[in-house]
Structure formats: structure tokens, C-alpha cells
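First, one chain by itself in C-alpha cells, the form predicted alone.
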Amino acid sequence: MPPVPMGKSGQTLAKGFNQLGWHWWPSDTAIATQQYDGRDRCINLGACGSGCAQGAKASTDITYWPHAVRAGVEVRTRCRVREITVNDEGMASGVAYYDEEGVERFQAAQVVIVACNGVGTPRLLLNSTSGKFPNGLANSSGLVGKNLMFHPYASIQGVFDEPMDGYKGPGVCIWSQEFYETDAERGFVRGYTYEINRGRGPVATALTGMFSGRIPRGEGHHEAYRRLFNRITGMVGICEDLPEEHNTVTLDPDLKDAHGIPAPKIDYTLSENSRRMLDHAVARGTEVLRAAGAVDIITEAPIGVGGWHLMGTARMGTDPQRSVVNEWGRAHDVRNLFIVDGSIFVTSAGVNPTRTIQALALYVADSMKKRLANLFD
């Protein structure tokens, strides 16, 4: 499909990139710009964060799930798996889970596929202990739960004198990977992607202004708000976090969920490499916004305590001693157990992970089909 319109925000920031001679291109946004598969096209309603009445915003409940259900898949929601069980041969035999009523049940299976991402997957595997797997299922390498990666984000937002179109339509309009590849002169390895956002809606504008001290309480509040509303646009820098074994997901020895399953315990430290990358993203992003005409800059790096997206804790590889799953997603230790989520990433990449996870899901599914006849050999 054609890309979503760049809008005034995208065009303004594109001029800033052009002035500096830095590359950019229109962003893909997983939003339909034409009628497709029973879904209508985007008409810039602007409520992307809370849902889309057009069905233009892609999410698995309106893209993959309907096709899967029509093909015979049964979807059981509001269930929580406690452990993956194994038989005497060390093969996965099914899952023990709690249904939406809290009743414990068992689902037998010839093949088990785990898709709980970088925290949920290691939690489930580590909780699935047995005589054959005392340290957790598929964990002979000892790497289940290690190499946790997030995406540290830098936010660089500009305030402009002229009105923009930030609160209308999809948030992302253009991208830049000008600083994606390693350049040793920058003082860090790997790089980041700039994701250019149109701007903020009414409430987000108020929060941004108050948290940054640009909108006072009491006198002058509304005037200051009007100076910001529909005049903020900018970008985030999505930094490539690197795998480090000391960043882990383990089982909490004390904390449990409502079903008595040990909670995940996360131990993560933002690396010096990522900190330098964040600083670089803020500095270069500020240059872009100034070149585009911004009169004020609002930055935050990292956003939150470290980042988000959950990756790396059941990494893929050909060496069973240095990875959890093989090159087509099958656990080295359990021949009928597959993992298809962000936990199998070996590095985080400086981009949002969903499309990569979807591509891996399709690839692993094709690999399973090709090898189904000898899956249990």
C-alpha cells in the first residue's frame, strides 16, 4: 500500500533532514491506506492510541486471528499456563494451565509453541522443571533468561511557532537511519533509528508541558498551553541494546501471581554503550529540529527507567552450548518445542521488533511444515 501521508509535521522535519544532508524516508506504520481484507482505509481520525473505528490500524485480532479461527484454530483467552510438561522421552507432552475461571486444566499436545516474549517465555521455561530438566526446560546451555534486551529510547521534541497537525492521523510519518550503522568515532557500537512522530493530542500536550515546566499551575496555565498545543513535533531515537548475560529474567523466590506461579524477577542495567548512543541521538535530533525551525527543544533520555520491548532471553543459534533454539526456532533440548517471539533475538536491532517477530513466525512455521515428517526423529 502507499505510505500514510507525511502531513505538515513530516514535511517540516524532512526539510530539517534535507538541510543537514541526512537520509529519511516515509514510514510504514501497519495502517491500511487502502481498503484491504474487509478493513477500511485510514481517514485520519487521530485516535490511533485507543483504537481505530475504521479497522485501518493493524493488530493481530483483526488481521491474523480471524483467518486462523476460520481455518479451525481455537483461541482460549484469559488463560495462564503454569508449566510445559514432558514425557519419559524428554519430549513436550502438553501444558498445565488455569482457565478464565481459575480451574487448573491440562492440554495434551504433540507440538508446543511458546510465544510469551522476552520475559514470559523464560519465566515459563524456568518454571517447567522435571527430573530431566531440573534447571528449567530447554536450559542445558544455562542461557534461558539471560541476555535480556530492551530498546532504550530518547525523546527529542521541538516546539514550533506555526501550527502543525500532530494530533491528526497516525503518529509516525517518516524514519531515518542516518546513524544506524557502527561508526567508531561516535564512541559506541551499532546505532539507532529516528522515528519521527507527528505530535501530541490535547491531554499529552498538557502532560508534556507540565512535566517539563513549560505549563505552570494557576496563572498563565491556559496561555502556556495554547503556545504548545498543536505546535509540538519531533522524534524518538530507538537504540540498539546489546546482549549482556548479566541482564536476566529469573523466578522471584517470594513473589507469586494469583495462581501461585512464581513471578518473573528482572535484573537489568543500562549499558554505557547505550547511554552514549542516547546522548548522541539527543544531540543529532536537536540539530534536526533546529534546522527545521523549532524554537524550543524538549528532551528525555532514556524515556522511563531504561526502555521497553522484551528480547533476547532464549536466543537462537547453531551451537547448543551458546543458544536455546536452533536456526529454525526448535529448542536444542526438546525436539517438539518451538519458540517464536522476541526472546530468540540475538541482538535487539534499532527498530521496533513486531515485524521481525512476525517474519520469524512465518519462517518458523514454514520450517515446521517442511520438517513435519521427521519432527520426532
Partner chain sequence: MDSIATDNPFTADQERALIAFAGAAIPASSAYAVPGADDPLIAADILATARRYADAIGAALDREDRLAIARHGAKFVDLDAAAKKSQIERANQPRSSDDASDDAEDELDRARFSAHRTMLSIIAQCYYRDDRVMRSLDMEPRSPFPEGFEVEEGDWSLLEPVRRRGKVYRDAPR
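Residue numbers count along the first chain shown, from 1. Small disclaimer: the values here were computed from a predicted structure and weren't measured.
The same protein also exists as the form predicted in complex with its partner chain; that form is not shown, yet it is the one meant from here on.
- With its partner chain omitted here, the record of contacts in the predicted bound form names 175-183 of 175-183, 108-116, 130-138, 253-261, defined by a heavy atom within 4.5 Å.
- Interface residue among A68, L45, A30, I62 relative to its partner chain in the predicted bound form, by the heavy atom within 4.5 Å criterion: L45.
- Residue G169 is the only one of G169, G120, G209, G306 with a heavy atom lying within 4.5 Å of its partner chain in the predicted bound form.
- Contact between N18 and its partner chain in the predicted bound form is found at the 4.5 Å heavy atom cutoff.
- For the chain shown alone, Y98 is not a contact residue for its partner chain in the predicted bound form, no non-hydrogen atom being within 4.5 angstroms.
- Its partner chain in the predicted bound form comes within 4.5 Å of no heavy atom belonging to Y268.
- Shown alone here, Y363 lies farther than 4.5 Å from its partner chain in the predicted bound form, counting heavy atoms only.
- Contact residues in stretch 135-157 (any heavy atom within 4.5 Å of its partner chain, taken in the predicted bound form) are absent; none meets the cut-off.
- CA of E245 to CA of V305: farther apart by 3 Å or more in the predicted bound form than in the shown form.
- Whereas the displayed form keeps them at a certain spacing, the CA atoms of V305 and G187 lie at least 3 angstroms farther apart in the predicted bound form.
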